[in-house]
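Coming up is one lone chain in structure tokens, specifically the form predicted alone.
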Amino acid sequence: MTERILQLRTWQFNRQHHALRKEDAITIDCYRDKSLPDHMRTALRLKTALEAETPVFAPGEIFACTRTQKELPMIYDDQEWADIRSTHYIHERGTVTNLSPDYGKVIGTGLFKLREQLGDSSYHQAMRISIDAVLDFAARYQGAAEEKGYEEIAHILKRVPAYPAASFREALQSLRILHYAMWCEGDYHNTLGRFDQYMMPYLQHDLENGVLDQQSAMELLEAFFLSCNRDSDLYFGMQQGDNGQSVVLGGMTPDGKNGYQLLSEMCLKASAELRLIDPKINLRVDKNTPPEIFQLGTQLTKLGLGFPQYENDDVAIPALMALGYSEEDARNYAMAACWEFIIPGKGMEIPNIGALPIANIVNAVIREKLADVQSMDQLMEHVRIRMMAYVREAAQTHRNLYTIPSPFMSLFFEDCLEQAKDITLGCRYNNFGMHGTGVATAADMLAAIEKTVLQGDLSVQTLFKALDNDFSGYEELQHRLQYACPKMGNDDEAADQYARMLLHMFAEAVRGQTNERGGIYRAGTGSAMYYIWHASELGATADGRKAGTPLPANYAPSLNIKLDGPVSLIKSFAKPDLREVINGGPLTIEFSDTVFRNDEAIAKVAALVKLFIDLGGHQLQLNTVNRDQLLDAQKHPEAYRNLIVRVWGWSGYFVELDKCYQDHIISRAELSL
């Protein structure tokens, strides 16, 4: 880390950039005109928002663009928005989210060239206003840089994003402004995509022509990563850090080559040096990935940042193709804000449209049907019927979708400019994704029912009394259910078979379901925040879980169970056919920080990652935790304000999380080797 980067990092760690923010409200009159079409309102709000920004610079600045306005008012007033919501399905905030724009195209073309292609239609006029607003924003930053004597910054802003980037620094500066402008348009959780793929040509050019060496290139890369963290607390999300700023590294290229290269490795090393929450790192791997890459990823895991998250090309690419994605597009997949598989520049997909509460469904079936069945096959048939009904009902609620138009974002997606069509109206891929929460808990319930009720001496009446009383007075039975019954995560087929069945049922339930844009539904193993929400609706359960105990986050073992170790855990969670649930959701494992004591231990953890990949795992997320440290951080948050933890699909500052998320992280198992 150079002295300049250290200075910038210290400035940001001390939150000195927060002092640059203003409370001034953005003037809403110009875009709240009810006679304007909604795409024009969005364009005018972007113009107004960028005009309200004041150019500011950090000490030792390298990449210009820091947000100073805290709020971004809606394009509608409250009554208008209420009227829209009364007749449409609205996903989250009703704006574009969780997409992967084709940054490479726009960085390599420049906004001027795109502007020349616009016609006279109302929609193209909105695109023109948006482009001009971004160009004017860059020009004002250029002028401010000239006044302060920042000649390099001013020179670069003369060129980008107006013209095609001609160097690594220009490409990074262009990306910073383009990505920033999307947030100012109202779009959120839009990732940085396959960053190493579209940025490597610029780096390679500069290295080959002597413009940069690897040290100066690393300084630029780290400065860009730092810039991603200046405004992230202002971006919409459940919590601090839940802002979707992730990158994808390595993996197969559209033409079938290996995409892991110098910039991929530099990104891993830069993230390790900076130790910041953004950008989150996704590392695409396969059975042929060299051990040293897994070890480099494990070195990053050791730091406790919660990434990299691993994606397995051997599973993901054929699984996406089976769902109708072309081979070229499947090879080019990126990740949404957390873990969902999406296609850059070609997908208006909503990969988190809802969630199937698998544990809740299984619990309901047990309570309603257990007394009347004679076998597990009969019980599982009731589960299958209930799942099918839930998915059909959910699909019906997603009709008549409305999303606020995004003319600027649309510039980054296939055919939107050419057809004067907003990205919100659809693209090549328009699929919806559903999470699946509590798979392991559901499997554990079923395994316990089989062992204790259908094959054992426990009566249904006694079980239900114990559950109704939250095991008060039935502590011995709770202990039996919790510790003497099979659990998913211990390579025990008695439990694992039910996880395999449940996920297959989920995949079958979404098969054939379509949305109004012709897209399909995709099943997944992620949980997002539903592991808290669904657990709050769930009383005591037949696996020995007490009411109020959260479900596991993502695809992970139940909380507060005995695990035999990481190898058994990985074997259990690799057994289902994970190609069927390729909406995504990683196996999530917590390691004690004492695991990473030497190079041999690093190699062992890296070997575990490779084992999961070799066994057919789809995604893997390893976290490093220290329970005592987390407990102390709850008591003394002022001493731990830069402590980073993985929450579900994102990493955040522990002391800025709601207590329910803090407690969940503390309660997760700490494995050792």
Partner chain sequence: MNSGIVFDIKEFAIYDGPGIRTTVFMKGCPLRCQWCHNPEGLSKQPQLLFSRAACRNCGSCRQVCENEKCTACGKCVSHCPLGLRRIAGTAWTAQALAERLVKNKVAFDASNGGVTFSGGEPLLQWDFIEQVIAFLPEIHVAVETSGYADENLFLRMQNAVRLVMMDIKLADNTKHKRYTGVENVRILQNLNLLKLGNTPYIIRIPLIPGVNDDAENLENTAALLENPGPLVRVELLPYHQTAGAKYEMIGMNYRPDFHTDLAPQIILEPFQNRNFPVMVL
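Quick caveat: nothing in here was measured; it's all calculated off a predicted structure. Positions refer to the first chain, counted from 1.
The form predicted in complex with the partner chain exists for this protein as well; it is not shown, and the discussion that follows is about that form.
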| Taking heavy atoms and a 4.5 Å cut-off, does R627 contact the partner chain in the model of the complex? | no
| request: Answer yes if any heavy atom of Q299 is within 4.5 Å of a heavy atom of the partner chain in the model of the complex; otherwise answer no. | output: no
| Looking in the model of the complex, any heavy atom of I613 within 4.5 Å of the partner chain? | no
| said: Even though the partner isn't displayed, in the model of the complex is E418 close enough to the partner chain, meaning a heavy atom within 4.5 Å? | reply: no
| request: Look at the stretches 418-426, 558-566, 246-254, 432-440 and give the one with heavy atoms within 4.5 Å of the partner chain in the model of the complex. | output: 558-566
| request: Could you check which residue among I532, M74, A494, A601 gets a heavy atom within 4.5 Å of the partner chain in the model of the complex? | output: A601
| note | With the partner omitted here, the residue among Q461, T594, S121, N288 that in the model of the complex has a heavy atom within 4.5 Å of the partner chain is T594
| the partner chain in the model of the complex reached by all of Q204, E219 and L643, non-hydrogen atom within 4.5 Å | no
